[in-house]
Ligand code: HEC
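Okay, so here's just one chain, in structure tokens, the form predicted alone.
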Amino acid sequence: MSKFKTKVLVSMVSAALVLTACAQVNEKLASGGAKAESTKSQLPVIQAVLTHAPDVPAPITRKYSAKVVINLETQEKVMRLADGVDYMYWTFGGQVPGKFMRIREGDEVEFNLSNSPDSKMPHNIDMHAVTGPGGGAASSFTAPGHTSTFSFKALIPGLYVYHCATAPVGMHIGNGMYGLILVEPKAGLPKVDREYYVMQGDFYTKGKYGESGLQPFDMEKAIKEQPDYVVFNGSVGALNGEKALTAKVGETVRLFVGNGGPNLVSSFHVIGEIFDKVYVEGGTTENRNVQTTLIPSGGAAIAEFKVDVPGTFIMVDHSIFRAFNKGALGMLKVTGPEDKIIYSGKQADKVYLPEGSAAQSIANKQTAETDKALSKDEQIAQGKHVFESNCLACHQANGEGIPNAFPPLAKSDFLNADHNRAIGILLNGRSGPITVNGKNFDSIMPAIALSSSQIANALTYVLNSFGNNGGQVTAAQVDKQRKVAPVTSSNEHG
């Protein structure tokens, strides 16, 4: 064989070997790519556990990413906003705020948003945890009776707000369409004893605060940012009384706190506690030993603290009239042994009346009453809220008052003897000595800026509570007493 033929043969064999090798490499690459694709598509599938406020899903203990399936339904339904006040809420999951979602950094989420066939409006969801246009809003626009699906990967840990972003966006949020989603860091959050979900929102109604009946949304008030209600977890008293959060002395508490807005910034504070740690705006920055934390509209914060003594700790928006006059007030009830070193309780009580002391008067420009006539039971229900907002601190939840300082309303001979006198005191305030149930008191009762119906309801509640003799006070009676010359001090007996 000639040298030329030999070279040609060698070249052909070499080329064949190269092609074979390339094919093998390509096959391996293709196989590896298929394997990678297979691995991606074969993440374990987990159905997300969603909870209504104030409950929170259990912490995530897995150390791997998963495909998490979240199913959420939008519903439009009438629910209680305050005692005697109803509202047509638009909701994620049937309550306000929407259900709490908990996923892990690195998870791939399949999100299915269903809009109830009973809905009148289309809805969608803008999730602040989503990296993508509109936070998923465009992909999740859903007509009544339909379900929309989109997917996203949880890239950044944090506590995020989600809300409806269908036009008019402010109206959908203002009707209660917001909630929280927690993206836990891969390492997880430090262990605590209790976790709770609290979310603030501002509501705008045609009627003034406390006006009874089904109240519609008021766009003009919303645009002016003048809410009638500022509440935790969707309604006045949602975290009070039997619905209060609970803990035991020595436990650590973590609050996932959100602010749905749509307008107001929250100054979140727990009276009698200091936050050991706050994850500022729901991110990774930690602030320590915090008294009050700002939470922007559409934002969140994580607050952690240890409870050291028993008692009822009041959660408020420290823009304080919102708490005591618009509803932004909740309770954390702590049980367990006292520690008199940390907190002694009252150790002494004396009457202190500087020269010139007199009953204080808060100006109240009375407007025409617009409330419908209420039954006695309805008055009692609404009066309870007025009492809790204005009278409870001095006269106490059981009506027993504070010894040597504020007279009791319970089984009160003074109150039961003259209803008109009681009306006059609420209207005009009172100072000077008073004898109730055989005991002498010398303190000051300020006049409180309440409407005639609020005064009537509060007195009707008190007269039918705390062992009193019953009875009913009407707004007309209060209006009549407004025309009577005030008597603000005298040495009266029951």
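This structure is a prediction, so every number in the text was calculated from the model and none was measured. For every residue, the number given is its place in the sequence shown, counted from 1.
The same protein also has a form predicted together with the named molecule, omitted here; what follows describes it.
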| query | finding |
| --- | --- |
| Site status for the named molecule placed as in the model of the complex, C-alpha superposition, 2.4 Å backbone or C-beta test | open |
| Answer option from V56, I70, I60, I425, heavy atom within 4.5 Å of the named molecule in the model of the complex | I425 |
| Residue (of L409, V278, M199, I295) lying close to the named molecule in the model of the complex, criterion heavy atoms within 4.5 Å | L409 |
| Exercise: V436 in contact with the named molecule in the model of the complex, heavy atom 4.5 Å | yes |
| 4.5 Å heavy atom contact, S148 and the named molecule in the model of the complex | no |
| Contact flag, F414 vs the named molecule in the model of the complex, heavy atom cut 4.5 Å | yes |
| Interface membership of S139, the named molecule in the model of the complex, 4.5 Å heavy atom rule | no |
| Region of this chain that lies against the named molecule in the model of the complex, out of 323-331, 415-423, 187-195, 96-104 [heavy atom, 4.5 Å] | 415-423 |
| Candidate site A405, F441 and P446: all three near the named molecule in the model of the complex by heavy atom within 4.5 Å | yes |
| In the model of the complex: members of 377-397 within 4.5 Å of the named molecule, any heavy atom | N390, C391, C394, H395 |
